[in-house]
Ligand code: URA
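Okay, so here's just one chain, in structure tokens, the form predicted on its own.
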């Protein structure tokens, strides 16, 4: 017998399931998949299998989506237009399961642009990057060298965004094809902000911008992308899982501070 829920109890039960990572509803009526008869394939002249050349490959679809993203991004003359273009881009399936587009936060005139991986639950809810536990640690990290997302001058301001503007289901890592699809928007984002340096937080950001993974190897070493100096760092979420990494993160922050002053 199905229990009767009032509004408060039903809302609490739903929030509890969301906390567990549920992201898909199931029909109340069960479906017996064994009752679905598979279609018998016909071979020969009367075959009901279409020619292979007529079936669009996954790679072709991904390439066309990236091409469309490139065209849309190239037409954006400012950040507001870029955000609007990303909002109407419907070729990334992550958009269908997300609550909000997470575009950016901070001062677009900042010298430092931070690029993270993808929104989590808190970011998806608020529509802003790095606002959960990892985001609070990020704020403390850069506050230690006199920088913050609410900074009013180019010297103390930060500008923060992500590779992916929508939350992946259950906070999984973005798939390579999803990164490829959204990369034209990220590239245009960097061009419009035109920072003095980019800080890449974690492997996904390094994969998107540098085409390489292995954050333990990459962190702490200056490189460049899109004609901008780049510093890879451990993602704040990794620091929350392993406190020993905070020593390396502090060394990287001091390196960033020294380069800004120099």
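Values in this document were obtained by computation on a predicted structure and should not be read as measured data. Numbering follows the first chain given and starts at 1.
The following text describes the form predicted in complex with the named molecule, which does not appear among the structures shown.
Mapping the unseen interface onto this chain, residue 219 falls outside it, with no heavy atom inside 4.5 Å of the named molecule in the predicted bound form.
Heavy atoms of residue 118 reach within 4.5 Å of the named molecule in the predicted bound form, making it an interface residue. Looking at residue 165, you'd find every heavy atom of it more than 4.5 angstroms from the named molecule in the predicted bound form.
Proximity to the named molecule in the predicted bound form, taken as heavy atoms within 4.5 Å, picks out 126-134 from the listed stretches 105-113, 126-134, 187-195, 88-96.
Shown without its partner, the chain has 235 as the single residue in segment 233-247 with a non-hydrogen atom within 4.5 angstroms of the named molecule in the predicted bound form.
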